[in-house]
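A single chain, nothing else alongside it, follows as structure tokens in the form predicted on its own.
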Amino acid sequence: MRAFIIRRIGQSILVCLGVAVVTFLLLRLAHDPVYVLLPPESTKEEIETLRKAMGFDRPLPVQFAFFVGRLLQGDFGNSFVMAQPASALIWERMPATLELSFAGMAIALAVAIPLGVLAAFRRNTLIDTFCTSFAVSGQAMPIFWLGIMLIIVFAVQLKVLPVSGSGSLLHLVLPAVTLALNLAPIIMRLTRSRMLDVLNQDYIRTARSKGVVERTVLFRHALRNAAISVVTIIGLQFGRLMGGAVVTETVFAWPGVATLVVSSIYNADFPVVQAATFYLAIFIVAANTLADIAVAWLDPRISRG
């Protein structure tokens, strides 16, 4: 198990470095920030002066070597637009993004897993049909449309929740529910599918024949084995959750990293985009690594393999 954990951590470090490198190259192919920062009537001399001051007159390999050297120190430079350290700007907003993501994940798990177990236990009944319909509807709704509908119903019509912004738990409800309703259907459908497979296994029939209470059969025996696939998909969906936060934060004016990144992309603010991409990649890779370790703990054959 220890060797498995060390190997996964090593792979995670390589992935994060790869993300930083790809982001560096793609940004330089997509934008020239000099033309974004200067007004259209700027002279050629002014353009060349700013390009030299920002270091964009150097060959790309030299820029890349300088970037990697600072990356290893956790320094992404200063924002071109706000003239502040990019890392500081990201960490100032990161708590809000993580708060929203973890709240959305918690709500999704609280809804999806019980519904998945219930749908499998009541297979081909009205309850199963309701749960399956919920899953299909949740996956079919675009996340931006869902957020707008929730605002219209609960903030504009019923006036029980704030429209946007942050500052209290009430402000967190609508954006977190939006993320959860977009994520829960996948987890629910997988939980139902895996539970149906497990409930047909011989050891489940043996446990029932011995008179084990049905609740114990479902949650102690069946759900533990079904959880292997569920934990895996949770780790994989964490990246989708962070991606969904981009749209959700924009719709609800949530002061997280995503809104800062969107404005930085429009302004070709390389340092901020690079820092945000790298730090978000760390959290996504960490979530996948923890999911792999949890799966290996649930099924030791994986770590031995």
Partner chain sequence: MTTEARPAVGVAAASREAPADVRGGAPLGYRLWRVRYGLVGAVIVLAVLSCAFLAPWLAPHDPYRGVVSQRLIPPAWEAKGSASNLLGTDQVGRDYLTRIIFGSRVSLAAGFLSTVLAALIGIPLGVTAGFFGGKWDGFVSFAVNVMLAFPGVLLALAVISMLGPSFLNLILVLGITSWPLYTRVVRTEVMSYREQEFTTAARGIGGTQGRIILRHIFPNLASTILVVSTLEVAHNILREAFLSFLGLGVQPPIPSWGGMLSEGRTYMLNLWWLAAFPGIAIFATTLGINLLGDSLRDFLDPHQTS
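Just so we're clear, the structure is a prediction, and the values are computed from it rather than from any experiment. Numbering follows the first chain given and starts at 1. Throughout, rigid core stands for the largest set of C-alpha atoms superposing within 1.5 Å between the two forms.
Only in words, not in the display: the form predicted in complex with the partner chain, which the text now covers.
Is the partner chain close enough to 4, 184 and 229 in the model of the complex that each of the three has a heavy atom within 4.5 Å of it? No: none of 4, 184 and 229 comes within 4.5 Å of the partner chain in the model of the complex.
The partner chain contact in the model of the complex: residue 141, any heavy atom under 4.5 Å: Residue 141 belongs to the contact set for the partner chain.
Indicate whether residue 193 is a 4.5 Å heavy atom neighbour of the partner chain in the model of the complex. Residue 193 belongs to the contact set for the partner chain.
Would residue 15 sit within 4.5 Å of the partner chain in the model of the complex, counting heavy atoms only? Yes - in the model of the complex, heavy atoms of residue 15 and the partner chain come within 4.5 Å of each other.
Interface membership of residue 151, the partner chain in the model of the complex, 4.5 Å heavy atom rule: Looking in the model of the complex, residue contacts with the partner chain include residue 151, since a heavy atom lies within 4.5 Å.
Using a 4.5 Å cut-off on any heavy atom, which residues of 4-27 would contact the partner chain in the model of the complex? Residues within 4.5 Å: 14, 15, 18, 19, 22, 23, 26, 27.
Core fit, then residue 267 C-alpha moves 2 Å or more between the shown form and the other one: After core superposition, the displacement of the residue 267 C-alpha between the shown form and the other one reaches the 2 Å mark, so yes.
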